[in-house]
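First, one chain by itself: the form predicted alone, in structure tokens.
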């Protein structure tokens, strides 16, 4: 996979104790990488990271602590960095905008500076969000060249993170100087609503539904008509890993921003996803939250991923129905038998990618 580029390579993940970061750590461990994680303690109980019992180096720290972060880089000398550590929730950003910007903006700068001073980092993939775009409620997907923006503090912080990425790429990691002035390529990945087993964050549709069913309660659904580019967590991770491969290979043309999402016509509403979840686990029940004066959240949001499909030959593997089914079955197995299906899901995803003859999984 990925031209075997991660085997025995030192990979640092910020945010490895979070939902997406823990899945990435597991996949990298599976393909032979030496994984180093830097993050705050797991944010929930239970949490996916601790359930995995992953054999990796785990440093607990805050990306806002620039000096501690630099020490970790100097000690372990990572060759590639996947930066995922962030305050990831829209509604929480309304409650604590200062912490959101401190983590998502200054935290990103600290990671870039630690990478720049390390002398060992050759590639950086900064993970932002589809919400970094100025949302105009368009029916078509946003492209990497569309304006950045952000209505709420979280979205604005991700727009800022992208601007910082562009600034550091131009100022310090300019592809024109790669191989002579410096040895590092910097890119960013933007993904939509990611689902999968092991997410217990508050104010997210699927974790809220799974927690409610264990308490024999109905979950209240906000904005049932809101449309999102739902995808299983393994979809963008395959894109990030493929992007990291290109950077490690010294492919300067890939040091850019990239969208990773489902096919443009595969968006689904919150209500449709809730209905699909109930089909996979009939015990689940929900109702529409009619409370007024809810914080603003985007209504229509989708990504145009034609750039990744054309230039990187990256394509989705699972449609939204499969993503919802895999996710629901993961939680059902966990709550009914305490089984953790994460590695099974990765193996299933890889097998399905092979059947589609995708470039990153060719043997």
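Numbering follows the first chain given and starts at 1. Small disclaimer: the values here were computed from a predicted structure and weren't measured.
The same protein also exists as the form predicted in complex with a small molecule; that form is not shown, yet it is the one meant from here on.
Region of this chain that lies against the small molecule in the predicted complex, out of 210-218, 269-277, 78-86, 144-152 [heavy atom, 4.5 Å]
Among the candidates, contact is made by 78-86.
Please run the contact check for residue 192 against the small molecule in the predicted complex: heavy atoms, 4.5 angstroms, yes or no?
Residue-level check for residue 192: yes, a contact with the small molecule.
Under a 4.5 Å heavy atom criterion, is residue 127 part of the interface with the small molecule in the predicted complex?
Heavy-atom contact with the small molecule at 4.5 Å: present for residue 127.
Would residue 63 sit within 4.5 Å of the small molecule in the predicted complex, counting heavy atoms only?
Yes.
Answer with yes or no whether residue 39 is in contact with the small molecule in the predicted complex, where contact means some heavy atom within 4.5 Å.
Although the small molecule is absent here, residue 39 would touch it in the predicted complex, with heavy atoms inside 4.5 Å.
Which one of 246, 169, 204, 122 is close to the small molecule in the predicted complex, taking close to mean a heavy atom within 4.5 Å?
Contact residue from the list: 204.
Taking the small molecule in the predicted complex as the reference, which of 93, 135, 103, 118 has a non-hydrogen atom within 4.5 Å?
Of the candidates 93, 135, 103, 118, 103 is the one lying within 4.5 Å of the small molecule in the predicted complex.
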